[in-house]
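The chain below stands alone, shown as structure tokens; this is the form predicted on its own.
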Amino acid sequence: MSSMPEFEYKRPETLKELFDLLPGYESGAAILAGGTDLMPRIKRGLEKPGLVVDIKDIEGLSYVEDKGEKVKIGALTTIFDIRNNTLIKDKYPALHEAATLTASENIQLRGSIGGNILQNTRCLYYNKSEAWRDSFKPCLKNGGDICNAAKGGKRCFSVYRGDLAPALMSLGASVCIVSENGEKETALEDIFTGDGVTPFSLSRDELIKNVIIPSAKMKGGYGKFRMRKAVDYPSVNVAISMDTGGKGRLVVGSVGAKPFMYEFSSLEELKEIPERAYKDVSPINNMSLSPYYRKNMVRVLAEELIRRV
């Protein structure tokens, strides 16, 4: 990594202070929560903000609360706290397992649920040093007009590799998005654009305030394949959640710019999904593992997880 570039640093204590800082900042502003995604991007020159706004001092954004029909998780709640929360462990095994398998414990202690959801897409040809990137033509995600991973492709094939979003999507989670204009709630899957260059529909002055999950207790689980068990992003990940009647969702991640979601209403339908997912996904050569291997691992992981659940 290169040395850290210069930028302004602000640490607001309220949402109002935050939204006063963001609009109209000429050099661009970046929001810092845990920093496990943002800071490496800044060091590699992938992000060049003139202002970094640290939101850790804003009160009321770190909690897990049972609201009766819903459970709410504040955006700054750490992955470590989610992993060790007894309510989540009891009600939502897919989310508990996803938090447990995210990176390493030191990263779990810093990383937040909001930051993990909104981490940027990644690519073998993009998430490298500037010297590496300069050896290729500028890609779509780096201001160019081609995708180097797809050998001149005209759309970006970078991959969303978050751990928590597939588990949350399997649970039917929504997010509360807050801005200076107020709050709105939207299904988690709807914030994904499917575009590797700009993977989320949130504007620069919007922030996830909390994650909202239906309170019903679910069966489920989370499976993840990665090169190194201690720290790596998933190369393929799968989450399942279902109610006592066998109705639920299976979600496949790390094979595109957004997770693939499949709904089912019976165990018979669930058992058909691994083959459907295998046919649907089309990984390309933008990770260390071959596309063919990752495509096969979608079916393998899904079938193993179904048997376990």
Ligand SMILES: Cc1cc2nc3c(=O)[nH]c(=O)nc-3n(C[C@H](O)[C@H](O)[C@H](O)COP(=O)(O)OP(=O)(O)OC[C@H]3O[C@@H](n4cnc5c(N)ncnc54)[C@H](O)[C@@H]3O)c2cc1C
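This is a predicted model, so every value here is computed, not measured. A residue's number is simply how far along the shown sequence it sits, counting from 1.
Another form, the form predicted together with the named molecule, is not on view; read the next lines as being about it.
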Would you check whether the named molecule, in the model of the complex, lies within 4.5 angstroms of a non-hydrogen atom from each of Leu38, Ile55 and Thr102? yes
Of these, 89 to 97, 140 to 148, 183 to 191, 232 to 240, which stretch puts a heavy atom within 4.5 angstroms of the named molecule in the model of the complex? 232 to 240
4.5 Å heavy atom contact, Arg161 to the named molecule in the model of the complex: yes
Might Ser174 be said to contact the named molecule in the model of the complex, defining contact as any heavy atom within 4.5 Å? no
With heavy atoms only and a cut-off of 4.5 Å, decide whether Gly111 touches the named molecule in the model of the complex. yes
Can Ile31 be called a contact residue for the named molecule in the model of the complex at 4.5 Å between heavy atoms? yes
Just give me the single entry in Val71, Cys156, Ile82, Ile208 that has a non-hydrogen atom within 4.5 angstroms of the named molecule in the model of the complex. Ile208
The named molecule in the model of the complex has a heavy atom of only one listed residue within 4.5 Å, and of Ala216, Leu124, Met227, Ile107 that residue is Ile107
Heavy atom within 4.5 Å of the named molecule in the model of the complex - qualifying residues of 124 to 145: none
